[in-house]
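Just one chain is shown here, as structure tokens, and it is the form predicted on its own.
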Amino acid sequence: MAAFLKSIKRQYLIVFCILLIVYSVSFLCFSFNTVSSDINNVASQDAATFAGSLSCMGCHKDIYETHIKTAHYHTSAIASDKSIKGSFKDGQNRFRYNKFMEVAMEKKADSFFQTAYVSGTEYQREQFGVVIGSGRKGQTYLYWKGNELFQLPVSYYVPAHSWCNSPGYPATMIYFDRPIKSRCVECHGTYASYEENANSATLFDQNSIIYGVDCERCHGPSSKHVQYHTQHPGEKKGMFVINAKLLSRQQRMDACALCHSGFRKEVKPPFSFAVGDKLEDFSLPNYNTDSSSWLDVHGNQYGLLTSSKCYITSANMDCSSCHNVHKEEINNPKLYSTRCMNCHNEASHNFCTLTPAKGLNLADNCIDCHMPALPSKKIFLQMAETGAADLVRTHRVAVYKEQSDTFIAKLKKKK
């Protein structure tokens, strides 16, 4: 009898162990499925926590009025006559691939289209839906197919005042089928609710998209902030909002690196990172961080800056040392140079050692010598008759002899 009871206990123990293993595996699988679900369905309920940057104007009028003029604020928009920079006039509205294929930019009433023609016959027509890019240097365009976004084949390059082949697209055929993922919208917008279906297609809630990088992209969703300070107008401390002054240098750098550190491998879903978080918990670099030779001037300002001697030897330098994100300061080398002078001056014995020609003031432009515009290895723009690499100002502060000699030579000619 004792042996029988012992046998029964052993059987129960075995069954218990089996059930425990099954439960554990099921729990793990469920947990992984939950994570996958979170990745595919970013918290759409968060949309209600955004108040919109217009709500900031009541208390921060001066900052609001300058910020809405910045490239960040205009980095995406609904397509309109105002937001599209390219021309739709006859003679200026076509991009030719060859004598058989071309795309025409056409305006019909208040709508805009890219129409592909093959041997003069319409092949495909899609409507401009979203503009990506402020128009300072260039723009590309997206169209809606249901709730999916796709890139249009023709972009616009502002310096050449020319329509061009969308970067990365084939130069020998018209292509409408590049899907746009949520990561693209994350860096060119403030918020979007989306989900990924079983076919890995990204479906956006069009009404949830907050275009442009506005106040709430950096300071956080502000509905609670607005509500609190509306009810407590005498309160001077900013409540329920992110204050960059209270963050560490790395936290501030991570906020910019989210979109200015090149392509990254996602660890957590787009729109889950908030300013103040550790970026490496959300995405990892897709390049060799030990070598600056991997860094291209396009899209990785963070990597270039942090590889600079200026940054390495400074305890406090960050992006805001040079950039005031609340103001439009593009094409103002003299202004940026005054910020260089905060550290590089004769009193500190680290001023520029170049002997200038008579009448030249080197302090008016440190930028074109030490942060020159260089050709991107990643972005090549094909215009109708010629092609060119996109020129991007490098953020690796260093001595560039060839570019410095060219800059000085131009200054001498002007004199």
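Heads up: residue numbers just count along the shown sequence, starting at 1. Fair warning: this is a prediction, and the values are worked out from it, not measured in the lab. For clarity, a rigid core is taken as the largest C-alpha set superposing within 1.5 Å between two forms.
Beyond the structure shown, there is the form predicted in complex with a small molecule, which is absent from this document and is the topic of what follows.
> By the heavy atom within 4.5 Å rule, which residue out of R94, K268, R183, R125 makes contact with the small molecule in the model of the complex?
Selected residue: R183.
> Among S314, S119, N98, S80, which has any heavy atom within 4.5 Å of the small molecule in the model of the complex?
Spelling it out, the residue with a heavy atom inside the cut-off is S314.
> Quick one: is S248 in contact with the small molecule in the model of the complex, heavy atoms, 4.5 Å cut-off?
Flag for S248 set to no.
> Is there a heavy atom of K309 lying 4.5 Å or less from a heavy atom of the small molecule in the model of the complex?
Contact with the small molecule, yes.
> In the model of the complex, is there a heavy atom of the small molecule that lies within 4.5 Å of any heavy atom of T140, even though the partner is absent here?
Yes, T140 is a contact residue.
> Is there any non-hydrogen atom of N165 lying within 4.5 Å of the small molecule in the model of the complex?
Answer no; every heavy atom of N165 is more than 4.5 Å from the small molecule in the model of the complex.
> Pick from 187-195, 168-176, 202-210, 110-118: which stretch has non-hydrogen atoms within 4.5 Å of the small molecule in the model of the complex?
Looking at the partner contacts, the answer comes out as 187-195.
> Once the two forms are fit on the core, has N365 moved its CA by at least 2 Å between the shown form and the other one?
N365 C-alpha, core-superposed: shift of 2 Å or more.
> On a rigid core superposition, would H161 pass a 2 Å threshold for CA movement between the shown form and the other one?
H161: C-alpha displaced by less than 2 Å between the shown form and the other one.
> Once you overlay the rigid core, does the Cα of Q139 travel 2 Å or further between the shown form and the other one?
No; that C-alpha moves by less than 2 Å between the shown form and the other one.
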